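The data below hold one chain only, encoded as structure tokens and taken in the form predicted on its own.
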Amino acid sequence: MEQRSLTRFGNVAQAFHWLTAILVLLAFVFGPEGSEQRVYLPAGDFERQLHETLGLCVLALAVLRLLWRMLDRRPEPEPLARWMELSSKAVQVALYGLLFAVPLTAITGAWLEGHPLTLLGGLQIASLIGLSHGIGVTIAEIHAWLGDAILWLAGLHAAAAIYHHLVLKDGVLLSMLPRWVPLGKLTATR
């Protein structure tokens, strides 16, 4: 395990955090919208394949990130009001849950609708579950709602980190920023 101060997350944890954020944002941007017929039009194959590839990468990264979190040491938490501490934990649990739920609902919905996952390069992962089209459509709709929810929750998470830095002037934001980020060179003062 890497050495670091007790006020910052290590390089691996930071890389997982920021790579996850980037992949989730890209998957959202390239997410096809509309009915099943529109999503699976040949004209949208590249965007759908990119979206499905990014989604599987998010799922794989979430698994690795959770495993790393079990092994890695985290910085000492900032002293917070009890409601802030509980809110922080609830948002973290919800974000981790969504990192799994969003891709898993996409996979399940596509397979139940009778579609393979098609990744960049044309690699297809055929359905491993029986066909139940109506349930698949419903799960695909849930996937879309969860995709919106993860972006809203991530935005709230980012706003809270900025609030910590600008208003509370603690080290919460700095703890997840790489040292090479200019903001990371500022010291938090109480």
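Don't overthink the numbering: it's just position in the shown sequence, from 1. What you see is a predicted model; the values in this text were computed from it and never measured.
This protein has a second form, the form predicted together with protoporphyrin IX containing FE (HEM), left out of what is shown; the following refers to that one.
Mapping the unseen interface onto this chain, residue 161 counts among the residues with a heavy atom inside 4.5 Å of protoporphyrin IX containing FE (HEM) in the model of the complex. Using a 4.5 Å cutoff between non-hydrogen atoms, residue 65 counts as a contact of protoporphyrin IX containing FE (HEM) in the model of the complex.
Contact check for residue 157: a heavy atom falls within 4.5 Å of protoporphyrin IX containing FE (HEM) in the model of the complex. When protoporphyrin IX containing FE (HEM) is considered in the model of the complex, residue 87 lies well away from it, no heavy atom lying within 4.5 Å. Candidate site formed by 60, 115 and 140: none of these residues places a non-hydrogen atom within 4.5 angstroms of protoporphyrin IX containing FE (HEM) in the model of the complex. Of the residues in 95 to 111, those that come within 4.5 Å of protoporphyrin IX containing FE (HEM) in the model of the complex through at least one heavy atom are, in sequence order, 95, 96, 99.
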